[in-house]
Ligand SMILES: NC(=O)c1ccc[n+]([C@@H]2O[C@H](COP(=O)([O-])OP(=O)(O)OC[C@H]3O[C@@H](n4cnc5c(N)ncnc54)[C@H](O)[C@@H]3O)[C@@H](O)[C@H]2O)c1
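The form predicted on its own is given below as one chain in structure tokens.
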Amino acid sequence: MALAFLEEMFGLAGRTAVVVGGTGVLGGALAEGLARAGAFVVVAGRGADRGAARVDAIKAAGGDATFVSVDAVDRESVKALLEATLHATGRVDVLVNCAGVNSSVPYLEIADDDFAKVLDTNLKSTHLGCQIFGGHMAEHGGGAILNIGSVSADKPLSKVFAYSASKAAVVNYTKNVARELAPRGVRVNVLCPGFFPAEQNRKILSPERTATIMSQTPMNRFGEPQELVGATILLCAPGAGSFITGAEVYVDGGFTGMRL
């Protein structure tokens, strides 16, 4: 009985989940988690080799997935991703917008191109995913969209000015789109990770900066990518998450709860 209840609440069997940025560390963990919950997962990204490796890992764990190449900041490419998903499975139930990039250039040295790249990758990709996939979901019975924010949306972080600005915008954008699409059965939420060391942020984690972060993180450690999976499934599952939209969920070891 307990297993049946958990399946009813959190199961994704028979559903299709698209993870844009699924070739990355955090996106890959979310893709694997959604597959373990029963979804067929479309791993979308630029790196074909990493995408194939992620698909292999999902299949080795008993799930099912495919890789589709996408340029997340190009409208036609995102449209093609939707069409490829529909061709493969005939449906799309979940979209996770996890494409992201960072920059650690000192504030007074940030070049226009660098600033624009961060905003495009983090914000424009979210917009395109929400608009294109959300429009399809609104016309075909609803669905769930999960955008990826950051603790920097709540507490602006030094050394990552463009990144912090982009993630604050993603949170605001998510709430606006949630209001727009809720009457048409599409739920839109934003997951805000704390410090999960990955390719894009390891270069700014000096010993001094790490010590500062730990001093403001009650759990006194970094997060592990799989620790984002539970919140992801909650926000994407049609059972447990059925009345959750426009939510801003932090998984950060208590970092945003600290006020020094």
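The first residue of the shown sequence is 1; numbering continues from there. All values reported here derive from a predicted model rather than from experimental measurement.
In what follows, reference is made to the form predicted in complex with this ligand, a form of this protein that is not presented.
In summary, the region of this chain contacting this ligand in the predicted complex, judged by heavy atoms within 4.5 Å and restricted to 178 to 186, 108 to 116, 146 to 154, 87 to 95, corresponds to 146 to 154. G129 falls outside the set of residues with a heavy atom inside 4.5 Å of this ligand in the predicted complex. Contact between V70 and this ligand in the predicted complex is found at the 4.5 Å heavy atom cutoff. This ligand in the predicted complex comes within 4.5 Å of a heavy atom belonging to F195.
Although the partner is absent here, L26 is a contact residue: one of its heavy atoms lies within 4.5 angstroms of this ligand in the predicted complex. Contact with this ligand in the predicted complex holds for all three of G21, G45 and Y163, each having a heavy atom within 4.5 Å. Looking at 84 to 123, the residues that come within 4.5 Å of this ligand in the predicted complex, counting any heavy atom, are C98, A99, G100, V101, T121.
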